[in-house]
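In the block that follows, a single chain appears as structure tokens, in the form predicted alone.
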């Protein structure tokens, strides 16, 4: 059954399988093991990034398309929920579904147009076109303040079942408060599992194999009869729809959305870093990469604060690991990760397991 759920795309490495099981269990039990607000927010961000990065990997890792407009579709999903819920006095599930449906429709049309008109050009020009479109969309979102809230963004209510004020039990259960925030977290968890399994199904289908053939050699794929523009456009559309779903999950979790929250270039850079760290062309790479990156992003500074306290008084060392320099160490860790894992963590683990099997 597990083999069917994973679309016969098994981890192919015992260590990778152990890491994935630990990740799923850790994320599933976070509200009980780490009931604090920060831990729950970090876990929710990991879940959202798993969907977002997996969808981008469908483009970059499986089809070989470099796009800088992925955060635009992420933002459309977040704004879809935000605009729909902010217009309703007491938003319910119908309002949320309307917002998500509208966002998916807009993403479908935009990604189709971008794909049909841009994917015929060379890769570098497509990347530049998507960057220009994303920048224009962010400017538009900032200026249409009557609709999007402008730079201030939109704060809104979510359905009552997901509001932090909604308490399902008066007393904590196994150390966790069963309230609306708890329900929202598990909504994100279930949605992430379903979407990742769906992506695994897509990349391991005959359609996914054609995408990989186009990535390896698009001229040869076209020569044997595949209309590469159609397949690349479909890949662009699917990736956009999954990114839109990730944006909707972000909005439901934060109950706020603004340009910097879902449309910034910084998010696009994070996606690229996670894809490279985890391993391109592997949905599992998005899972492992998201966990490593988001944990480092949120806890490296705290770790350095502890280290700086331990070496206080040592002139050079205390300056080197000062908490203010956490971005420097983050960059260094990224360089080391790329150097030691040129195929990403997942690629390295799979290659190691394959080499061991041949011995």
Partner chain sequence: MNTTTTTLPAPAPDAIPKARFDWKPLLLLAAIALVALPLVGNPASWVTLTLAGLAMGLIIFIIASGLTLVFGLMDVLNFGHGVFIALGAFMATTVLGAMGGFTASPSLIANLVAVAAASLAGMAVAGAVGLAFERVLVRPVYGMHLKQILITMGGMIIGEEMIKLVWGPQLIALPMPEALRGALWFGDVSVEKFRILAVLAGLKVLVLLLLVLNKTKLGLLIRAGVQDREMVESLGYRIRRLFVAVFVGGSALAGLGGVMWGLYQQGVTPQIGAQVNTLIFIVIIIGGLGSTLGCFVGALAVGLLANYIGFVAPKAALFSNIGLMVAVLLWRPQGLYPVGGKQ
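The term rigid core refers to the maximal set of C-alpha atoms that superpose within 1.5 Å between the two forms. Positions refer to the first chain, counted from 1. Being a predicted model, the structure only gives us computed values, none of them experimental.
Another form exists, predicted together with its partner chain; not displayed. Remarks below refer to it.
Using a 4.5 angstroms heavy atom cutoff to its partner chain in the model of the complex, all of 135, 140 and 324 count as contacting.
The chain is drawn here without its partner chain; in the model of the complex, the stretch among 250-258, 206-214, 180-188, 273-281 whose residues come within 4.5 Å of it by any heavy atom is 273-281. Using a 4.5 angstroms limit between non-hydrogen atoms, residue 176 is distant from its partner chain in the model of the complex. Not displayed here, its partner chain is approached by residue 117 to within 4.5 Å at the level of heavy atoms in the model of the complex.
Interface membership of residue 308, defined by any non-hydrogen atom within 4.5 Å of its partner chain in the model of the complex, is ruled out. Contact between residue 338 and its partner chain in the model of the complex is found at the 4.5 Å heavy atom cutoff. Of the candidates 27, 304, 40, 60, 60 is the one whose heavy atoms come within 4.5 Å of its partner chain in the model of the complex; the others do not. Checking 314, 295, 66, 33 for any heavy atom within 4.5 Å of its partner chain in the model of the complex turns up a single hit: 66. Contacts to its partner chain in the model of the complex (heavy atom within 4.5 Å) from stretch 327-342: 327, 328, 331, 332, 334, 335, 338, 339, 342. Relative to the superposed core, residue 321 shifts its CA atom by 2 Å or more between the shown form and the other one. In the core-superposed comparison between the shown form and the other one, residue 294 has its Cα shifted by less than 2 Å. Residue 42 is not among the residues whose C-alpha shifts by 2 Å or more between the shown form and the other one once the rigid core is aligned; its shift stays under 2 Å.
Relative to this form, in the model of the complex the C-alpha atoms of residue 327 and residue 266 approach one another by 3 angstroms or more.
The Cα-Cα distance between residue 333 and residue 36 is lengthened by 3 Å or more in the model of the complex relative to the form shown here.
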